[in-house]
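One chain comes next, on its own, written as structure tokens: the form predicted on its own.
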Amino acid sequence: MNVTYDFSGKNVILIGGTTGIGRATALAFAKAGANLYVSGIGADSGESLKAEVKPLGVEIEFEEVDVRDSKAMAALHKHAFERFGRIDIAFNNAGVPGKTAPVHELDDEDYDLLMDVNLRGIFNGLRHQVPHMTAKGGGAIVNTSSLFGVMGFATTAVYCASKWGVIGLTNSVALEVARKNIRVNAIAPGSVMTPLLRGMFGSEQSAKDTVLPMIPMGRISDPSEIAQLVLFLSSDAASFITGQAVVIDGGGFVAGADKL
């Protein structure tokens, strides 16, 4: 079933948009009429996204940025605000899987990478998006957490911690801006066939072998399915939803995926 959204005249900043969920969401917003300011790692992927979006008749800009770099993130937002004048929607999606191993086998570098990209990166987005939206009369922000942000999973302890942190940020910032016409929510995807999932488990087949037994619906989701949740939370259809982490995982959480 296709759901149609109309974001004509809206401007979106999408951080972490070159692959997977981010790329699928960028395309979904573009098809719904939104202009895009996309950032991510990989200039070639950014240019290919621009080429894919431009025939849809919306404006798109791409800027390569490392979300760990506070100065670079400040500049990114400045450029987006100057380009479009107003950013209505922000999707903070950058993330890495990190090393999958028991906690005692992880090094400082493993911890720092996960926390700096998955958590600091979203903080670096929120700190610029909130003042802008406050000054412009409101907006909607969606942050990417994970199913592993609401449950533990062996050999992904620090990844889980980073994604739990995203929900803490989301809940708290939502309360800070609830009277300012800004809504802040998170998505908590389960298994999605993306480069991140392949990286977490080593290969596509290894990912399937590991996670399919935990998913009651018996399949791994497509990034386009997650994109539809982002568009919903960004739309007026979700006008009374804020401070939530919406799990989208084929039933794994309610079934107790870590126990299956």
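Please read all numbers here as calculations on a predicted model, not as lab measurements. Heads up: residue numbers just count along the shown sequence, starting at 1.
Not on display, but discussed next: the form predicted in complex with a small molecule.
The shortest heavy atom separation between D66 and the small molecule in the predicted complex is within 4.5 Å. Proximity of S234 to the small molecule in the predicted complex falls outside the 4.5 Å heavy atom cutoff. Contact annotation for I41: at least one heavy atom lies within 4.5 Å of the small molecule in the predicted complex.
Contact annotation for G33: none of its heavy atoms lies within 4.5 Å of the small molecule in the predicted complex. With the small molecule left out of view, the stretch that reaches within 4.5 Å of it through heavy atoms in the predicted complex is, among 183-191, 79-87, 130-138, 99-107, 183-191. Among the residues T156, N124, T170, S145, the one placing a heavy atom within 4.5 Å of the small molecule in the predicted complex is S145.
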